[in-house]
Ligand SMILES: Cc1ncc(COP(=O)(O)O)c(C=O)c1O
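One chain comes next, on its own, written out as structure tokens in the form predicted alone.
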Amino acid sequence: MDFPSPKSNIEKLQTYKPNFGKSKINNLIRLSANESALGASLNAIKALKIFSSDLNRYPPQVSDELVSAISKRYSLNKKKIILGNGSDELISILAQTFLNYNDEAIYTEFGFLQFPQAIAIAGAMGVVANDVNHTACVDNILSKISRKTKLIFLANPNNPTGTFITKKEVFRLHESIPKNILLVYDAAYSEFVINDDYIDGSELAEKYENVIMLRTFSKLHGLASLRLGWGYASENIIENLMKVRGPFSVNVAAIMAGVAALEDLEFQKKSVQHNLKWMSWLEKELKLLNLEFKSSITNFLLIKFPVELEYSAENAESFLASKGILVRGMKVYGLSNYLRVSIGTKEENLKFINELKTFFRK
């Protein structure tokens, strides 16, 4: 070999490629990425419009302004907050910080694909805990724990299924794991949840040394393009993560927009109400089409299509793309007869259902 070779675990790894779908139509409706239906807060957009000076200056290593805004919005301890270039970065540095080559990390069967990717990049062994009815199963997670286990990744609510495990089950999971195992609790969709039986993880991270809650500005706040996320954990965990995270991880534009977005409570309420209204409407329409779907507390639905080739998920995805509507195929999860569809604007939702009706009539 006459060129530098990467580590063996990297060489074998497949590149993680987000699949937003493809279409030849220019004016696309993108319901494939769980993005904010209403875009971003106008206050956040205004903050970006005035962002023009000091482009030659590095951003702060830690933005006290954004950390304070997060602390105020969610009533959390500022010393336990870490910012990241999207929650994806935090997932990666968690794996790099806590996993050695002989270690194991557990993730759920239909969990976020970034979990096994980060584990593999760190050189550790990913261990899959099977879901039950497309929902994370605490007993199956616990059964996979060994002396090599260092991390447990749990997305709650889960992407791409939209399902969640209850507060009681989350507590049972945490109480049952050894104190030297870190529970990584990804609550990316928690702001959409209206359910008293749900817990966002901050309560556990507040009390215990072996929990970190992850959050994002990409969903409710509509700032996906700026790559902004944050975590909440003990000061000891934060201190060690900061050793691995890049010194200038979060850019100034993201910081300014993030602060403005957090302070716009009216927009956040509007986004949640829009999601609830159109989720309920979409469920009714899908039932009229006799389509099965997973009940979701997020901003997307996992829809099951018939096994007949003519009306398969793959054919439906292609048909919708031909009409300029992008949805997410689930083959990568082994769910070949499912499509994941995000809640869009009123006009987007109406067009999606109308074209879906056309697909089944053809």
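Only a predicted model underlies this, so the values are computations on that prediction, with no experimental measurement involved. Sequential numbering from 1, following the sequence displayed.
The same protein also has a form predicted in complex with this ligand, omitted here; what follows describes it.
- A residue is said to contact a partner when one of its heavy atoms sits within 4.5 Å of a partner heavy atom; F110 fails this definition for this ligand in the predicted bound form, lying far away.
- Among residues of the shown chain, S218 is one whose heavy atoms approach this ligand to within 4.5 Å in the predicted bound form.
- By the criterion of a heavy atom within 4.5 Å, L228 is counted among the residues contacting this ligand in the predicted bound form.
- Looking at E191, you'd find every heavy atom of it more than 4.5 angstroms from this ligand in the predicted bound form.
- Just one of I212, A155, V170, A257 comes within 4.5 Å of this ligand in the predicted bound form, counting any heavy atom, and that one is A155.
- Contact annotation: of the candidates D103, D264, D88, D200, the single residue with a non-hydrogen atom within 4.5 angstroms of this ligand in the predicted bound form is D88.
- Looking at 247-255, 137-145, 182-190, 72-80, the stretch with residues near this ligand in the predicted bound form, meaning non-hydrogen atoms within 4.5 angstroms, turns out to be 182-190.
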